[in-house]
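Just one chain follows, in the form predicted on its own, and it is written as structure tokens.
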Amino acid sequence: MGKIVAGVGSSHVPSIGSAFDQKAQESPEWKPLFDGYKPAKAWLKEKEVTHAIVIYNDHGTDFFFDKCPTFAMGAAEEYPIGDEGWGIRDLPTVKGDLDFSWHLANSIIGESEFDLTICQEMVMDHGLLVPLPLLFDFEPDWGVKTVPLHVNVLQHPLPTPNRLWQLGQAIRKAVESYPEDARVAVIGTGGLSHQLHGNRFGHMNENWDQEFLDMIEDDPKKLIDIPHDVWMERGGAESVEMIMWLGMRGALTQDVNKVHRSYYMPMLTGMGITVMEDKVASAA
């Protein structure tokens, strides 16, 4: 049966992908960031993760302001790499799992009564493609099968933090009812603090980032009633992406083993990763 073995929260800053592709992992400005992902990747490999459910937001590659579903999940055997304006990255086509994806869709929609847009074709952008190669092997092909789950955090009205929490709970129910073996990592992406436009361009808030990381690990329910405007006031307008981490955290039980955490603030954006193991799952 399916089992959630890990929850991961990760930034998805596009410049990380560019630095990765340019093999800048050992450069002074990027080494702290990339070194922070190495223990996470090693631990996920040790746990023999077979599937990754990645909660992310598309940035105009597949959806745009004219048509932007609140929640959209892929159900396909593969997902091509999108061109975000600087060419297609040299990564393998993302591998899916059709049976697993349709099981999730039927459970999340039919049993948990979540309204998902099911996409049999999806093109991947940096929201998913920044963390994926930092967490899993991809040469010569991906070591995990991926289910992309897009969340609208760009075009208002946005789903509430509590709705993301509920989505995580629906994901857990769906995974645990899957009849085949699947060792699943749920990955919530986005943020941390940043604002890329307007009078507050360049706004960052390390204190809020660290407080958020503490709460997402230890007391996530403190986050679910924070209004969108408070998220944006604290962390910058685009930092509202951080609510997607609640989709990951809601898929875990309250008590977790904190496996790894790293934080780095080199430029324009707070960048972080946390890796958690569900105590209930690890004891089973």
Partner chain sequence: MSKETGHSDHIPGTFVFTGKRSAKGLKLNKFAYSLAKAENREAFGKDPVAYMDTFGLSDWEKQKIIEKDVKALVEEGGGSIYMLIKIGAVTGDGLASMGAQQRGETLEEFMATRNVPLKQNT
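Numbering follows the first chain given and starts at 1. Fair warning: this is a prediction, and the values are worked out from it, not measured in the lab.
This protein has a second form, the form predicted in complex with its partner chain, left out of what is shown; the following refers to that one.
Peer 1: Which listed residue (Gln155, Ser177, Gln169, Gln210) meets the criterion of a heavy atom within 4.5 Å of its partner chain in the predicted bound form?
Peer 2: By the 4.5 Å heavy-atom cutoff, the listed residue in contact is Gln155.
Peer 1: Which of these residues, Asp219, Glu46, Glu26, Asp229, gets a heavy atom within 4.5 Å of its partner chain in the predicted bound form?
Peer 2: Only one option qualifies, and that one is Asp229.
Peer 1: With its partner chain left out here, work out from 211-219, 251-259, 60-68, 46-54 which stretch has heavy atoms within 4.5 Å of it in the predicted bound form.
Peer 2: Going through the listed ranges, the match is 60-68.
Peer 1: Answer with yes or no whether Lys173 is in contact with its partner chain in the predicted bound form, where contact means some heavy atom within 4.5 Å.
Peer 2: Although its partner chain is absent here, Lys173 would stay clear of it in the predicted bound form, with no heavy atoms inside 4.5 Å.
Peer 1: Is there a heavy atom of Leu134 no more than 4.5 Å from a heavy atom of its partner chain in the predicted bound form?
Peer 2: Answer no; every heavy atom of Leu134 is more than 4.5 Å from its partner chain in the predicted bound form.
Peer 1: Would you classify Met204 as touching its partner chain in the predicted bound form, given a 4.5 Å non-hydrogen atom cut-off?
Peer 2: Yes.
Peer 1: Is Asp35 one of the residues lying within 4.5 Å of its partner chain in the predicted bound form, judged by heavy atom distances?
Peer 2: No - in the predicted bound form, heavy atoms of Asp35 and its partner chain never come within 4.5 Å of each other.
Peer 1: Pull the contact list for 86-122: residues with a heavy atom within 4.5 Å of its partner chain in the predicted bound form, in sequence order.
Peer 2: Going through 86-122 in order - heavy atoms within 4.5 Å of its partner chain in the predicted bound form - the hits are Trp86, Gly87, Leu98, Asp99, Trp102, Asn106, Gln120, Glu121.
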